[in-house]
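Below sits a lone chain in structure tokens, taken as the form predicted alone.
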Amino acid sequence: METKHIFLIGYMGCGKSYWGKRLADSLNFDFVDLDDLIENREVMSIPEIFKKYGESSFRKREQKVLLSIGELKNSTIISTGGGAPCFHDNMSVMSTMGRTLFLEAHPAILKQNILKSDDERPIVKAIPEEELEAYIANHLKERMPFYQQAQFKVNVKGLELSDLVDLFK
């Protein structure tokens, strides 16, 4: 039986890791976070990679790790970074290796989730809180053409695990 990977895409704070872990448990799939794989391979955190090498270098490293997903033997849910679909034809790569699911969320929800997260987010760390929602809305608009290429799309507002499971049964 062919391995089916499911790539969760969407803006930071939309719940890719949260829903990915739960969906993986429900479908009896493995779960990996693309950022965790990058950090393990590079032996430094994402913020450190951004600071030391810049975003362009990070995106090349991200694609290299993304391509390595094809080596995974078990069916796997992959939580991608928010920018992963937007660089180096990564959406085509993910669609070739499995299915893609866009977790859509309103900028106000994304702002709330980003602010309560313990994770350091290099892209938004310098944005003042009162400007964050407007920044997210604008950045999301730029990324939407990539996110819209996903094979499946769900809005996270009121989302239930059963909604996700039903998509892939």
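In this text, residue numbers run from 1 along the sequence as written. Just so we're clear, the structure is a prediction, and the values are computed from it rather than from any experiment.
Another form exists, predicted in complex with ligand S3P; not displayed. Remarks below refer to it.
Here is the short version: of 140, 46, 27, 65, the single residue with a heavy atom within 4.5 Å of ligand S3P in the predicted bound form is 46.
Though ligand S3P is absent from this view, in the predicted bound form it lies within 4.5 Å of a heavy atom of just one residue from 69, 37, 123, 132, which is 123.
Looking at residue 50, you'd find a heavy atom of it within 4.5 angstroms of ligand S3P in the predicted bound form. At a distance threshold of 4.5 angstroms between non-hydrogen atoms, residue 59 is in contact with ligand S3P in the predicted bound form. Shown alone here, residue 156 lies farther than 4.5 Å from ligand S3P in the predicted bound form, counting heavy atoms only. Among residues of the shown chain, residue 98 is not one whose heavy atoms approach ligand S3P to within 4.5 Å in the predicted bound form.
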